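Take a look at this single chain in C-alpha cells; it is the form predicted on its own.
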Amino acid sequence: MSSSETSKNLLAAQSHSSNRLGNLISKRPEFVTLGLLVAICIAVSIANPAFLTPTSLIDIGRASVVIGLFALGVFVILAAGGIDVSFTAIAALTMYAVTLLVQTCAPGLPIIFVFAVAVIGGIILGVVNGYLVYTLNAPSLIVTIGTQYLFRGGLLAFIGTTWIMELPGEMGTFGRVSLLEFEAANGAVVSLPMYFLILPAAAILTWWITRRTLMGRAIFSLGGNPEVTARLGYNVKIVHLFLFGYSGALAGLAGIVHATANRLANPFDLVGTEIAVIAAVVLGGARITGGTGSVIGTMLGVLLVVVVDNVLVMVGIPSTWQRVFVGAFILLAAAFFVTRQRKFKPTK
C-alpha cells in the first residue's frame, strides 16, 4: 500500500471517528455535561484535596435536593417546548401556607400528609398555569411571569410575611432525621438527611413518566411539533395541564423540603433561583426550543451548578462576587455546549 493510500485511510478513519463522536454528542448531549463536571472535580480536587472528602460531598448532596426537584419540573416543561419561571413562587406559597395551616389547625399532622397537602397545593397552582397557557394560547414564559407575581403577591398580601421560626410537629423532626452520619476528622458529626432520598425518587418517577408512558411521548412530541401532536390524537389541553401540574407538584414538594431542611418557613425564600435552575436543565442537554433532554442530563446539570457554587465557597470568593462567577461560568459552559453541538452535527 502506498503512502498516499495510507494517508487517505487515516483521514477516512479520523473522519469516521469524528462523525461517530458528533452523533454521540448530538444524541447524548449529557456526556458533554459529564465531561465538564469531571474536569472541574479533578481540577479542584488537585488544588484542594478537601473537595472530595465525605463532608464536602454530603454538603453537595444536601444542596442538590431543592434545586434538583425544581429542575425536574422545569425539564418536563422545557421538553414540551415551554418555559416556567413561577416554580419558586409556587414553592414559597405552598411552603408557607401549608406550614401555617398545620401550625394553626393540626400541629401533630404526620409528615407524609404534610407533603401530600403541599403536593396537592402545587398541583392546583401548576394546573392554573397550564390552563392559562393553553386557553390564552400565549407563550408560557409570559404567562408564568404573570402568575409568579400573582402567587408571590398573594402570599405576601393575604397569607403572611412573618417568619415561622418553630416548625410544627413532625415537620421540625423530619429535617433532623439522618439517613447516615459519621464523625469527621475535626470531630464534627456530619449527616446525610433523610429528605435526600426524595430527589432520587422524584428523578426515577420523572424518568418513568417521560420514557415509559404515553404522556411522556406526548410531552416530547409537543416540544417537537405541536400541530403534529394534535394530529396524532394527543389531547394537547390534557398534556398542558399535566406537565404544568407535575411541575407544580415538584415545586410544592421542594418548598416543604426547603422548610424542613432550614427548620423555618420564610415567605421571602427561594426568590432569585429561577435562572440557576433553568441553566442547570439547559446545561444538562435540554433545548429551550423543546423536544429534547433527559433526566440524567438534568441531574448532571444540577450537580454542575451546585459544584461550582460549592467550589466558590471553598476558595473563599466573597458572596457578592459569587453570582458574577456563576453567571460567567454558565455563559462559558453554554457557549462550549452549543459550539460542540454545531461542530458535530448528526450524520445520516
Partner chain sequence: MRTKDGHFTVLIALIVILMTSGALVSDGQYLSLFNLQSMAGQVPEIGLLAIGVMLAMSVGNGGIELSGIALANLSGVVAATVAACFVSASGEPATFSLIFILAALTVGLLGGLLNGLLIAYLKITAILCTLGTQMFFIGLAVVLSDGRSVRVGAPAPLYDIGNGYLFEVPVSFLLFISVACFIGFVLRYTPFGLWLMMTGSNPKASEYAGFPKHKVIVATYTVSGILSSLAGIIIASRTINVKWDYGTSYLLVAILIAVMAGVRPEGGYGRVVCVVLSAITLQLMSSMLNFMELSNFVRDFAWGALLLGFLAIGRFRLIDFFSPQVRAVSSSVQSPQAQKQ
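Owing to the predicted nature of the structure, the values given are computational and were not obtained by experimental measurement. Numbering follows the first chain given and starts at 1.
Not pictured, yet referred to below: the form predicted together with its partner chain.
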Partner contact for E227 in the predicted complex: its partner chain, 4.5 angstroms, heavy atom: yes
Contact of Y149 with its partner chain in the predicted complex (heavy atom, 4.5 Å): yes
Touches its partner chain in the predicted complex: L141 (any heavy atom, 4.5 Å): yes
Interface membership of I288, its partner chain in the predicted complex, 4.5 Å heavy atom rule: yes
Proximity to its partner chain in the predicted complex (heavy atom, within 4.5 Å), stretch among 253-261, 168-176, 112-120, 141-149: 141-149
Heavy atom of each of P49, L52 and S56 within 4.5 Å of its partner chain in the predicted complex: no
Listed residue (L132, I209, A218, A202) with a non-hydrogen atom within 4.5 angstroms of its partner chain in the predicted complex: L132
Listed residue (A157, L214, C105, V189) with a non-hydrogen atom within 4.5 angstroms of its partner chain in the predicted complex: A157
